[in-house]
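As structure tokens, one chain now follows by itself in the form predicted alone.
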Amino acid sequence: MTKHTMVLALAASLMASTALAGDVRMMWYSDGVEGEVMKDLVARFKAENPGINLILDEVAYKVVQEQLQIQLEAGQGPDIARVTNIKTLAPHWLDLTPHLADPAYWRTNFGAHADWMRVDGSDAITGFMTQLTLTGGFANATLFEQAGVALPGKGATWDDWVNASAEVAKSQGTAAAFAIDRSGHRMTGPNVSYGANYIGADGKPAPVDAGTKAFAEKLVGWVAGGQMLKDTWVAASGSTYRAAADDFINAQIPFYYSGSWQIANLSTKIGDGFDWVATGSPCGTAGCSGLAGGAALVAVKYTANPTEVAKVMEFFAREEIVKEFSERTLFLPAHAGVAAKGGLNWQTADKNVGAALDVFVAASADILPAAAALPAWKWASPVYGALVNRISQVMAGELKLDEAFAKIDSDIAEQVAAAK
């Protein structure tokens, strides 16, 4: 065990310890400024509820992805967690229904995404989405302008964007033309845009199809040709997530494919360094689809204090709290009432932000059915993990593409078999 692994394990074990009466531990990770917002909201909760000691455990996203599942499978973990691997871990979430003062409020305002957070066939209320997200691109408008290259317009393909960005990279001497986060989730919108469908007729994972192969071949080719930053994918192993946000923030790439959750991060770190725009998702042969998703705040069924957990969840699910959290974090709200009323007052002076949020809202209309089905599909995370692991091995020269496709199928089949 490495020293780093030991530190992670120690942190996980500390957070997994049994809560004292009245204690509620919330495991929380941040993409941008939401951690600071949560500290403020937690303080207000504690002022309203002096009998509940709410403890905010801020951790790296990697801890949530790699340590939380281990804790849960041991019947341990925090009382509440913010997670993105929502469906796969659904058997571990607590049904809050008997502990809530008004379950109808939750069904009305969060019901549209409730299936993302519970076991198939269940009507449990396990939590709520802290925000909705959509994958999509960002362009450094200043670099494009300095290079004299026009930003590709609506309907532009992946080839159009990569070729235009390569012109900018050559003109401005950037490290590469673009990068896409090291994530099978991030690959999926593009895969679907080329016709991929992960879900077989029986509801189980389908074999790697022509759509997935088409985009994977392009991605590997762009790494080999130097258009895409190689290190983003090959400097990590397995299904480890690695974002390329810092490369975009440091103006090392003119085009970056990630998602709406990056808006606050880009605004905070870029400031007035350069102008940037959201682009939506480039098009493939089947459409121009991103992948919807988000992070959920869920209750863990191993808690010793379900009544207190429910009170915490009710506070953060209140309409005025959701609205404030969304405005301050620059996240799209997943609360039906907040979304219907609109009029969110985004807390930013950055002229790039409002327009970027508008682009993502408009791009939600381009989500293809094969992508829309994935957030509530329990096999999505295993597929994402297999994709990123094997495709990165091709980029590193460890596998051929055909070998990778075969291994992706076998990796997924092993996980399906193990789940039985």
Partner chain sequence: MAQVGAWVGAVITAPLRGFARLLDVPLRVWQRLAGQNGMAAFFLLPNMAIFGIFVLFPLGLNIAYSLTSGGALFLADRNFAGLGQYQRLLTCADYTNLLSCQEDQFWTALGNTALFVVVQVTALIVLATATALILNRELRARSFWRAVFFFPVLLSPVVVGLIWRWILDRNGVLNAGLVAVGLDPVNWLLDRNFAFAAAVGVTIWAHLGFFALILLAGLQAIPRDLYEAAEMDGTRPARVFWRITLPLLMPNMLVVIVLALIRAVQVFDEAFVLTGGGPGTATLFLTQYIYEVGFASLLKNPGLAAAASILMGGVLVVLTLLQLALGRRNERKAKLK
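Numbering follows the first chain given and starts at 1. For clarity, every value in this text was computed on a predicted model and none was experimentally measured.
What follows is about the form predicted in complex with its partner chain, which we do not show.
Participant: At 4.5 Å between heavy atoms, only one of the stretches 39-47, 366-374, 25-33, 379-387 reaches its partner chain in the predicted bound form; which one is it?
Facilitator: Selected range: 379-387.
Participant: Could you confirm whether residue 85 comes within 4.5 Å of its partner chain in the predicted bound form, counting heavy atoms only?
Facilitator: Residue 85: yes, in contact with its partner chain in the predicted bound form.
Participant: Within a 4.5 Å heavy atom cut-off, is residue 229 in contact with its partner chain in the predicted bound form?
Facilitator: Residue-level check for residue 229: yes, a contact with its partner chain.
Participant: Though only this chain appears here, would residue 66 touch its partner chain in the predicted bound form if you measure heavy atom gaps against 4.5 Å?
Facilitator: Yes, residue 66 sits close enough to its partner chain in the predicted bound form that at least one of its heavy atoms falls within 4.5 Å.
Participant: Mark residue 149 yes when one of its heavy atoms lies within 4.5 Å of a heavy atom of its partner chain in the predicted bound form, and no otherwise.
Facilitator: Residue-level check for residue 149: no, no contact with its partner chain.
Participant: For the three residues 235, 398 and 407, verify that every one has a non-hydrogen atom within 4.5 Å of its partner chain in the predicted bound form; reply yes or no.
Facilitator: Heavy-atom distance to its partner chain in the predicted bound form: all three under 4.5 Å.
Participant: Only one of 311, 113, 213, 242 comes within 4.5 Å of its partner chain in the predicted bound form by heavy atoms, so just point that one out.
Facilitator: It is 242.
Participant: Using heavy atoms only and a 4.5 Å cut-off, determine which of 159, 102, 73, 272 is in contact with its partner chain in the predicted bound form.
Facilitator: Looking at 159, 102, 73, 272 one by one, just 73 meets the 4.5 Å heavy-atom criterion.
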